[in-house]
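Just the one chain here, the form predicted on its own, laid out as structure tokens.
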Amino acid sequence: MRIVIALGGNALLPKGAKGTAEGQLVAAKSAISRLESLLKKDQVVLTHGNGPQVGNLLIQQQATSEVAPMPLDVLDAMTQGQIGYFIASAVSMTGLHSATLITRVVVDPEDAAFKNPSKPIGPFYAEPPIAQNPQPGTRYSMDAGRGYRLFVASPEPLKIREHDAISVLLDNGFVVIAVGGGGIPISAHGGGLEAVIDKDRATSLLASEINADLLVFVTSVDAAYLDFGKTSQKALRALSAKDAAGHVAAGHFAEGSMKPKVEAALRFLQGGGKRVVICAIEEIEAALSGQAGTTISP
């Protein structure tokens, strides 16, 4: 079976963690240990977020004027290499071979997202850090009630440039680490664009382009919920694409959190995908057997 698994950025750099190299490697080892049985029996692509890491790079840039600042597309590339290295190191400990692929994703330079930053990156703040000057086209805003974060442009992914290479690597027995941080945003002509593509949308597109059977979103909560965070919250265990779309329309899922995952799930299913699972890393085996998490079917 061909599976695409999206690891949230916070799964590799937990909220409140310092982000040391040692800590991120430990987190990667922990995640891969949960996935080892899948990696050994199926063709698997691992994608990952980069929100905490790319935000940290921006903070580093703001802290000094002695080195040349890099645009967001270059920071995306840097985090792909950084996080891919940690994941590849963890995979190698299972005895499997992996390939980390720097992945570019075509977007439209005229996408309205460039005028409406909606993708949260970096650390959480109790109040907007007024002393820090965000780059043009970015803003600080509340992220799903969890704190203030820097929001950047997040255009719609249109094409994964390296999808054919990913399929070749899978067919040759590699665990593939790709589309890190949603991929590096480029125009159709290959020029880089300053943005951070939503990892879930890019992962869904990749899953469709390589004809994956199953799409899995590993997140910081154990399932998708109705009325999340309220006393009336209710976990959704199994639902149809039609019901999931209805819940999105009713506003049950938060922007920048569960909503893009469910929307990405629906796009994969509409494109011919067979099943989507949303779960916590600790419950992935149970979720794949329908005993935990949320399963969305056509």
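Note that the structure is predicted; figures quoted are calculated from it, not measured. Counting begins at 1, following the sequence as shown.
The protein also exists as the form predicted together with another copy of the chain; that form is not presented, and the subsequent description refers to it.
Visitor: Whether R104 contacts another copy of the chain in the model of the complex should be assessed with a 4.5 Å heavy atom distance threshold; does it?
Guide: Yes - in the model of the complex, heavy atoms of R104 and another copy of the chain come within 4.5 Å of each other.
Visitor: Just checking whether E209 would be counted as a contact of another copy of the chain in the model of the complex - the rule being heavy atoms within 4.5 angstroms.
Guide: Because no heavy atom of E209 falls inside 4.5 Å of another copy of the chain in the model of the complex, the answer is no.
Visitor: With the cut-off set at 4.5 Å between non-hydrogen atoms, does G190 touch another copy of the chain in the model of the complex?
Guide: Yes, G190 is a contact residue.
Visitor: Would you check, heavy atoms only and a 4.5 Å threshold, whether F217 touches another copy of the chain in the model of the complex?
Guide: No, F217 sits far enough from another copy of the chain in the model of the complex that none of its heavy atoms falls within 4.5 Å.
Visitor: Sort through P109, P71, G137, P128 and report the residue having a heavy atom within 4.5 Å of another copy of the chain in the model of the complex.
Guide: Partner contact (heavy atom, 4.5 Å) among the options: P71.
Visitor: Where, among 112-120, 142-150, 71-79, 218-226, do residues come within 4.5 Å of another copy of the chain in the model of the complex by heavy atom distance?
Guide: Heavy-atom contact with the partner occurs in 71-79.
Visitor: Which residues from 95-118 come close to another copy of the chain in the model of the complex, meaning a heavy atom within 4.5 Å?
Guide: Result: H97, S98, A99, T100, L101, I102, R104.
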